[in-house]
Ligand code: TRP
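So this first bit is one chain, no partners, the form predicted alone, shown in structure tokens.
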């Protein structure tokens, strides 16, 4: 446990505190509380405040594996606060201030508890700044995959799903609390530092290069990313002027080039189906295979471990609508991310000379060899944290959407897809929000069996 120099209260202050009155004030704040009681990650996030902006200043030395950081978190108190928590794992805290004044703090596990010098009033905005340094950690998820801060052959890679962002900056690390970001990161000259949003500045001095990135649209911390290393950078635009920023490891450039060239066309196709692209830029980050074992829908520019195929590129780009813009309220609602992105792959094949979505659905339903995998649990009820990225969330989640399409017809279904992305643009939603939305937009249609058997039911449903 680390703690700043303690402040010893007077006896009079203690007596007043027992009377629920702070010294010199008369405010009645309470601690914000750790964890938002997420069904699968109950300690993720914190109560009592809503973050509006992260200002991160980082410096990383890959050879020494040493990160120095200063994070300024701007937030609004949602109740009177005597203390609040930030999620932060590893790294050594040197100082904490609230609105420029030194604050007391202590740590327990991933919780950094801050006690401001003056209690915070409900509705008021405050800024907490944390200075920290050390060797950032890699986190192993319940399903065995790795996230957090991953060392690579030429730098580092920060990935956040579901709680990896706690390894490189303090914050309210739950998908229900989204914010804008400004990230300034300094690395040895010759390396690139690629993140979300738009690159607004780059300057080199005394053998170090500083990159400044700005993300103006709300972003959940689990889709924040930072890739440090040797990358080939290409810039272009879509036909309607959307900036495309692509960073590729030189070893992957040749294999990646023909697939990544499809990004403008995929975005144009997706806008026709899902509605206007929700962010101010797009692109991709391609690193070497082995640096991470999975692709991820990091905001603005998805991450790929090696050259992606077209289906995977479609999947991660469509996540920009479903997952990054419309973000799940809890980790139980992951099928609203993965089911939509998987169904987008089906639609892409259908629209580009491959199997129809019905043929893909039928092949999955009839594949007895995949029964244990696809039908292990209903997509809306993963049994535990290790299952939120399992096959039923993806494949059976897509099958739920196909059953809705069968119920309402193609034209109404595409209207539902666009409407859902518009109704919750840059917000959060859960499964109940979705089922209520579908029923409202398709009056007179009966979804009882879709919800009961396909979304929430155990095992493989009977075919109608």
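Numbering follows the first chain given and starts at 1. All figures in this text were calculated on a predicted structure; none of them were measured in a lab.
The form predicted together with the named molecule exists for this protein as well; it is not shown, and the discussion that follows is about that form.
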key: Heavy atom contact within 4.5 Å of the named molecule in the predicted bound form, the stretch among 100-108, 119-127, 334-342, 202-210   = 334-342
ask   = Which residue, 93, 364, 244, 296, has a heavy atom that falls within 4.5 Å of the named molecule in the predicted bound form?
value = 296
request  = Report the residue, out of 161, 196, 87, 249, that has at least one non-hydrogen atom within 4.5 angstroms of the named molecule in the predicted bound form.
outcome  = 161
query = So in the predicted bound form, are 322, 430 and 435 all sitting within 4.5 Å of the named molecule, heavy atoms only?
reply = no
message = Would you classify residue 357 as touching the named molecule in the predicted bound form, given a 4.5 Å non-hydrogen atom cut-off?
response = no
Residue 389, heavy atom within 4.5 angstroms of the named molecule in the predicted bound form = yes
ask   = Any of the heavy atoms of residue 149 lying within 4.5 Å of the named molecule in the predicted bound form?
value = no
task = Give a yes/no on whether residue 316 approaches the named molecule to within 4.5 Å in the predicted bound form, heavy atoms considered.
result = yes
